[in-house]
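One chain comes next, on its own, written out as structure tokens in the form predicted alone.
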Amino acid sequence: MNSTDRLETVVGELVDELDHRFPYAAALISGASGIEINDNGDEQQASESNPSKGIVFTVYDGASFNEYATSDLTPNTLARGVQAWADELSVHANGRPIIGGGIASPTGPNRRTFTVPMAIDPATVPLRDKLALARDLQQRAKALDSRIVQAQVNYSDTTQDTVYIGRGRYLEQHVPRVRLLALIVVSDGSQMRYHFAVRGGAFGYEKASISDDELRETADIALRLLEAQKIEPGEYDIITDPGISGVLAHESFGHGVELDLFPKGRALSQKYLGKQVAAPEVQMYDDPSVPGGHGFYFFDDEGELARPTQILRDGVFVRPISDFASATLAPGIHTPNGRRQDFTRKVYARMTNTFFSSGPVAPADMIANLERGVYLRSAESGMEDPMGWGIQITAHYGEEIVNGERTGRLFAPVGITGYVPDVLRSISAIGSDFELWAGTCGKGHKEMVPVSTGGPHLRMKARLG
């Protein structure tokens, strides 16, 4: 028996023992490694993502969830540590019942192994090839125009391996994530502007590419932004691209519908469960099972198999997202959203791939039917206030629309603000397209996890400034 098999056997035995003593017991073995490369043309910098491997045990004692985490995976030491920790805990009578149960069996029918389909595992690609990829992209971008003063490329990949043992389940998964960004900075001698192209998701190294056409479009937009103006503050009819639509989804019904905020009274959305909060045509989901999404996984860090959760149905807030603790103690429906930054961090209810569903309207028709407004492109940032339900999103730029035509007049940057129900109820057209954008999301003590946001083009009203 090799060391990995020996470790997993010991962990399974420990979970079995704990499961007989407590209403719920589970263990998560997790490890992550990767590389990040930055290339500005003058120099390349490569750094290894902090490689980590450890284990966290969780038990529910009838009143609270307790955890024991360590990076010491020596079987005998691990067993002594877990047993000493568990001996200090006691079961609380008449506590809330846990969702699910059962004894894990490393060899039984509930053992499943998952791997993302890919042609090239990024973990197998030599560093020199990744450096060459970044340098080639940087040089192609820099050569596009004499007014380009800098082209920067960022490449990163992370491979995450996890094993969950608990509730009669023995699950393991191998999930690679790749992200590639090209930033082009231009100058006319008096000012500088920039634009960017990005590709990222849970897929293989073979998809780490940005075409010449994409680079050319990125440079052209950066150059056009040299003529961009400040927008006059006020309420506008707007059309959002999928990136802006996704940040709207993430900020309006993202953190605000994470169930662990409800008992703390930190989410105004709690009062709107079962009520109309958006236009009747609006559907919104959080779905870790979307293939290629940056927030993709096969199961969460509590062994819940990935599946979609519909948050808005026909404009009605129908379901929050949850982890095991919030679903048990809030209480509520358990969704597959229990996530950790790593084994040393607390599990929270976290977003994964959060998006609006597509609708029936072609984006070109959406523009053609708008008498006057602004077409907002390329999300830069977003903030929300779950208590007051206000949102603030920054679009990299917007383009004026007059009589159904894009005039070419640009505004940059453009801030979008509003009260969530007002903005979502104003949605009057939903695009037939769909796109996800890769990013990260922080919570708690700024624990970060990979996510995607997206959806179709949307038409609505909002205050710009």
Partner chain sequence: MQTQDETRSAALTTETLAGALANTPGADDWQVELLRDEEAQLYLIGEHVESRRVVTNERARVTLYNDHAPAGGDGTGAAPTTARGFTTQTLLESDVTDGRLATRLNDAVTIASLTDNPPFTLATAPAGGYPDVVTSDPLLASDPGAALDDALARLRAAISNWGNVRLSSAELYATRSSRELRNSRGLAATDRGTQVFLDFVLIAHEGEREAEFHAELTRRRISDLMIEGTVDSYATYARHMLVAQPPTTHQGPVILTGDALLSFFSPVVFQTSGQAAFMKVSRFNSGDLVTGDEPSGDRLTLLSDATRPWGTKTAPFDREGLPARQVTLIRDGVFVQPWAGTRYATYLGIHPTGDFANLTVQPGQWPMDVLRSAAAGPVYEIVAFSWMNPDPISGDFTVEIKLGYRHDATGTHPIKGGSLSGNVFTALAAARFSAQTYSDGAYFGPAAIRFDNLTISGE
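Numbering follows the first chain given and starts at 1. Only the largest set of C-alpha atoms that superpose within 1.5 Å between the two forms is called the rigid core. Predicted, not measured: the structure shown is a model, and the values here were computed from it.
What comes next is about the form predicted together with the partner chain, which is not displayed.
- Item | Position in contact with the partner chain when the complex is considered in the predicted bound form, options Val91, Met387, Leu273, Ala368, heavy atoms within 4.5 Å | For this set of options, the contacting one is Met387.
- Message: Just to be sure I understand the contacts: of Asp161, Asp121, Glu380, Asp237, which is the one whose heavy atoms reach within 4.5 angstroms of the partner chain in the predicted bound form?
- Response: Spelling it out, the residue with a heavy atom inside the cut-off is Glu380.
- Message: Quick check on Ser428: any heavy atom within 4.5 Å of the partner chain in the predicted bound form?
- Response: Contact check for Ser428: no, nothing within 4.5 Å of the partner chain in the predicted bound form.
- With heavy atoms only and a cut-off of 4.5 Å, decide whether Arg409 touches the partner chain in the predicted bound form. Contact with the partner chain, no.
- Message: Check Thr344 for me: does it contact the partner chain in the predicted bound form (non-hydrogen atoms, 4.5 angstroms)?
- Response: So Thr344 counts as contacting the partner chain.
- Task: Report yes if any heavy atom of Ala325 sits within 4.5 Å of a heavy atom of the partner chain in the predicted bound form; otherwise report no.
- Result: Looking in the predicted bound form, residue contacts with the partner chain include Ala325, since a heavy atom lies within 4.5 Å.
- Task: Name the stretch, out of 166-174, 289-297, 193-201, 113-121, where some heavy atom lies within 4.5 Å of the partner chain in the predicted bound form.
- Result: It is 193-201 that comes within 4.5 Å of the partner.
- Full three-residue contact with the partner chain in the predicted bound form, heavy atom 4.5 Å, for Ala63, Val149 and Glu447: So, yes: the whole triplet contacts the partner chain.
- At a 4.5 angstroms cut-off on non-hydrogen atoms, which residues of 38-56 are near the partner chain in the predicted bound form? List them in order. Read in sequence order, the residues that approach the partner chain (within 4.5 Å, in the predicted bound form) are Asn40, Asp42, Glu43, Gln44, Gln45, Ala46, Ser47, Glu48, Pro51, Lys53, Val56.
- Can a Cα shift of no less than 2 Å be assigned to Pro421 between the shown form and the other one, given superposition on the rigid core? No, because once the rigid core is superposed, the C-alpha of Pro421 moves less than 2 Å between the shown form and the other one.
- Hey, does Ile55 budge by 2 Å or more at the Cα between the shown form and the other one once the core is superposed? Ile55: C-alpha displaced by 2 Å or more between the shown form and the other one.
- Task: Using a superposition on the rigid core, decide whether the Cα position of Arg307 changes by 2 angstroms or more between the shown form and the other one.
- Result: After core superposition, the C-alpha of Arg307 moves less than 2 Å between the shown form and the other one.
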